[in-house]
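In structure tokens, one chain follows: the form predicted alone.
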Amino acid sequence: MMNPFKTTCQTLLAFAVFACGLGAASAETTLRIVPSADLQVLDPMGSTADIVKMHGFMIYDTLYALDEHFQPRPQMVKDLQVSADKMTYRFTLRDSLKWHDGQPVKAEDCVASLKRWQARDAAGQLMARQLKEMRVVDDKTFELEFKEPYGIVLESFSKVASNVPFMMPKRIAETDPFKEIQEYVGSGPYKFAKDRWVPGSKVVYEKFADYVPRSEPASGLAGAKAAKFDRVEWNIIKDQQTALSALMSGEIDFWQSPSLDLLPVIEAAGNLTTKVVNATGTQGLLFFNHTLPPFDNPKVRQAMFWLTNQEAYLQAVNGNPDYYKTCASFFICGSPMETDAGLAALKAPDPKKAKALFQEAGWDFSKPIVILDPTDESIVHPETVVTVQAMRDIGLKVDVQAMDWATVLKRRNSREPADKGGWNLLHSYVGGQVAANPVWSITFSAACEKGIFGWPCDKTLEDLRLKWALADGLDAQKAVAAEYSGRAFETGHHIPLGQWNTFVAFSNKVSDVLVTQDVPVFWNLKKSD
């Protein structure tokens, strides 16, 4: 366990540089955040990383949003009419919606945004398969007409799993879904100050004066989104001791991802508060590149399940049994879809069986397997260390390539060979709500080049995801989830590494921190003098 009071000269220097670089913004009108990672991808369709989703929620709005009880609530929508046959949905936008460039939000913007989202997102792709037509009725009204009743329309529009269906102007939304947008104009409570953005150091958002919050109280990600600060700054501090010092001294107001080791120190500080904003927890993940050897072979992907000791991962990532638990389920334990179908390997790891499967697949143990290791990421790096050791223990040669998390988020999209900028294995994590069923998250996609990085490709899994979306009732959905789980092991889709809870820390001067059951958001927060 680290010593929270140990401060090196390097840490002191880093803190001094950080403090000097805070800028001249007034503390009374500025909220200063230390996020979990650096922001380098600005297109919310360009990455599934939490930091990109958090950026999206700062500047964009959504048609619907989930409240703290996981119920979809209208956000940009004023009125919804559903036809008697439940095949046509007519949405009318609420008044006073404006883009950050001053133009009114129109129905054509929303239709274009939904089309771009449907091309990239797993749930969007399923919806598109059932959609007969999406059409603009007038400036404030648009319709979705389905081939048959599709009962999870509002749940899809309010999903928090990346990619979130954020709305953007038509001219921007018409950008190729697989290319980066070049303008970052939303209609949310804050504007992205691109001219103040310093990659690796600072991200700045400014209050959008023309944003009109909903009248309902804030709840989860729904309701009123009131911008209480003229400016919100994300200060990128990768060193935990530096972030702790900045929080304790009042140089920052909110820290997204403190290490659990620091919890006693934070609680004893007297001027700080901790809070769990996502009680559904976090799930660790191991992803394969399905397009390159050795993980283009399902037998090798299955081998890694037998090599996975969830307890080892959880000890490395979290270390406190009160905050973690093993979970032999693709879907977060405690959710209705939890199932261990097909996952006997996660309950009883067997390294000898794992090695035998590599050998049966004909893998040459002298060839290197490339694993991307973000040494600055407090969850993914420990996950990587555990996997590397387990693979080396059975005689595999591993090429561990160290880099920062922002670089991993870009490189994981590479389709190049592993020795030319590609990769074989990488790790990540998702919020528990994201991993609650086979539809919401692109994590569960098997849509080949249109799906998640690593590009798993299996029509059966995609059909099961649609089958779940169309299932009538909870029992039917559970049965499909079990089918999906069994097939996902057969194909070696990805590996769940267990689950844990995390907390945020903030100054006692900060209040009204929302429980979102996902990433933290920074509207409605207040800060006293």
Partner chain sequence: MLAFIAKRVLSLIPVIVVVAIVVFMLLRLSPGDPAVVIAGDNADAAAIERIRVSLGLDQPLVTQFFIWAGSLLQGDLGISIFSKIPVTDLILQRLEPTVSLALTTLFFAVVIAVPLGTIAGATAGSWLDRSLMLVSVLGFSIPAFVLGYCLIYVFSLQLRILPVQGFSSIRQGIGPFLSTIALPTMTMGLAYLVLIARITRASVLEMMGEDFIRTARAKGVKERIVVTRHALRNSAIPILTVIGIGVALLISGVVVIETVFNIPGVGRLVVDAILKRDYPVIQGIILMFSGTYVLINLAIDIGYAFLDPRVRY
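Quantities reported herein were computed from a predicted structural model and do not represent experimental measurements. Positions refer to the first chain, counted from 1. Think of the rigid core as the biggest set of C-alphas that the two forms share within 1.5 Å after superposition.
Although not depicted, the form predicted in complex with the partner chain is the subject of the following passage.
Only one of Ala406, Ala218, Ala446, Leu343 lies close to the partner chain in the model of the complex, with a heavy atom inside 4.5 Å, and it is Ala406. None of Asn289, Thr242, Thr339, Ser113 but one reaches within 4.5 angstroms of the partner chain in the model of the complex through a heavy atom, and that residue is Thr242. Contact with the partner chain, judged by heavy atoms within 4.5 Å in the model of the complex, is confined among 191-199, 384-392, 295-303, 96-104 to 191-199. Using a 4.5 angstroms limit between non-hydrogen atoms, Arg120 touches the partner chain in the model of the complex.
Proximity of Glu206 to the partner chain in the model of the complex falls outside the 4.5 Å heavy atom cutoff. The closest heavy atom approach of Ser83 to the partner chain in the model of the complex falls outside 4.5 Å.
Heavy atoms of Asp38 reach within 4.5 Å of the partner chain in the model of the complex, making it an interface residue. Interface residues of 218-251, taken as those with a heavy atom within 4.5 Å of the partner chain in the model of the complex (partner not displayed): Ile236, Ile237, Lys238, Asp239, Gln241, Thr242, Ser245, Ala246, Met248, Ser249, Glu251, in sequence order. After superposition on the rigid core, the Cα atom of Asp121 is displaced by less than 2 Å between this form and the one not shown.
Once both forms are overlaid on the rigid core, the distance between the two CA positions of Leu260 between this form and the one not shown is under 2 angstroms.
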